[in-house]
Ligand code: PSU
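The chain that follows stands alone, in the form predicted on its own, written as structure tokens.
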Amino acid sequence: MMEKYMDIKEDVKKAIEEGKPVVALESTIISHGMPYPQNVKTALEVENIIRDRGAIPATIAILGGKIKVGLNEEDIGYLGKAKDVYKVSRRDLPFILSKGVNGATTVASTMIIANLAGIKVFVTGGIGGVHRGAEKTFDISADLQELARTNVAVVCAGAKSILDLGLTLEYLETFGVPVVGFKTHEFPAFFTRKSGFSVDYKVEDELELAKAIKTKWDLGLDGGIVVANPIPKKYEMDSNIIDKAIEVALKEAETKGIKGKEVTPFLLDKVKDITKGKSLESNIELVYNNALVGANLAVELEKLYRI
């Protein structure tokens, strides 16, 4: 039945069947998260980083109403330029598939598809979370509920700093989602290494992390893990500059009445403009850094599953 909806690229399928490490990648970062041509260049480079570390990349998207687990260069190029690509979360999947249209997967939908395909590790830039002002708007990303229910480890640079990081961490705690700092005690804030909030646990390397993840799932403790991997110090932004840019972007979003799934791409784009492209440079570098950790984690995790 699943074959009716899902097409797994040959090298990805072979790796899954042979128990080799695979890393899932989202496609919203290509279609909605970065401008062209940086989006395509970044997506292809992330795949190269993962291959160089001994894992197989599986960028996930919906093309022509079919889930694609693993894209070719032409597919990625199309997503980078096309304007008719829907942003797809859990609620959207059945409608985008049944309509036969194109969709880019968010953190939530990428987790769902990765789990269906048998992929344990997923690399992204930053997870969604509780938006600022959520006590009035109730704007909370579906990513958090997916992390509570779906068995995929998500390597990220924390939650996007446009969000309310404190409430995001409280929400994850309520639903029993471990937030693990990779070589850090402090939860990273996407563009910066520090947020003022602590992680639940700190790990020093990918093997230590893989052992904890496997133990969690061996015990039947369903749900994901947030692997919070700080942006490399040389690429982090000044927190004062980024905070001011976010404040300006938030006010403009409110003035223009931008809501729902359009909020995050709008805010990130405005912050990019305000920082004269520096936030985009940081975004790209943190994704590359996450790809390194994610690939190494996938390799270590698959070793443990072979024992």
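Don't overthink the numbering: it's just position in the shown sequence, from 1. Just so it is clear, the structure is predicted and the values come from calculations on it, not from any experiment.
There is another form of the same protein, the form predicted together with the ligand; it is not shown, and what comes next is about it.
By the criterion of a heavy atom within 4.5 Å, Thr168 is excluded from the residues contacting the ligand in the predicted complex. Interface membership of Gly70, defined by any non-hydrogen atom within 4.5 Å of the ligand in the predicted complex, is ruled out. Within this chain, Asn39 is remote from the site of the ligand in the predicted complex, having no heavy atom within 4.5 Å. Shown alone here, Ser141 lies within 4.5 Å of the ligand in the predicted complex, counting heavy atoms only. Of the listed positions (Gly224, Gly103, Gly126, Pro188), a single one reaches within 4.5 angstroms of the ligand by any non-hydrogen atom in the predicted complex, namely Gly126.
The listed set Ala43, Leu268, Ile49, Ala55 contains one residue whose heavy atoms approach the ligand in the predicted complex to within 4.5 Å, identified as Leu268. The stretch that touches the ligand in the predicted complex, counting heavy atoms within 4.5 Å, is 25-33, out of 60-68, 272-280, 25-33, 247-255.
Using a 4.5 Å heavy atom cutoff, none of Lys20, Lys120 and Asn151 lies near the ligand in the predicted complex. For the partner-free chain shown, just Lys87 of 55-89 comes within 4.5 angstroms of the ligand in the predicted complex, judged by any non-hydrogen atom.
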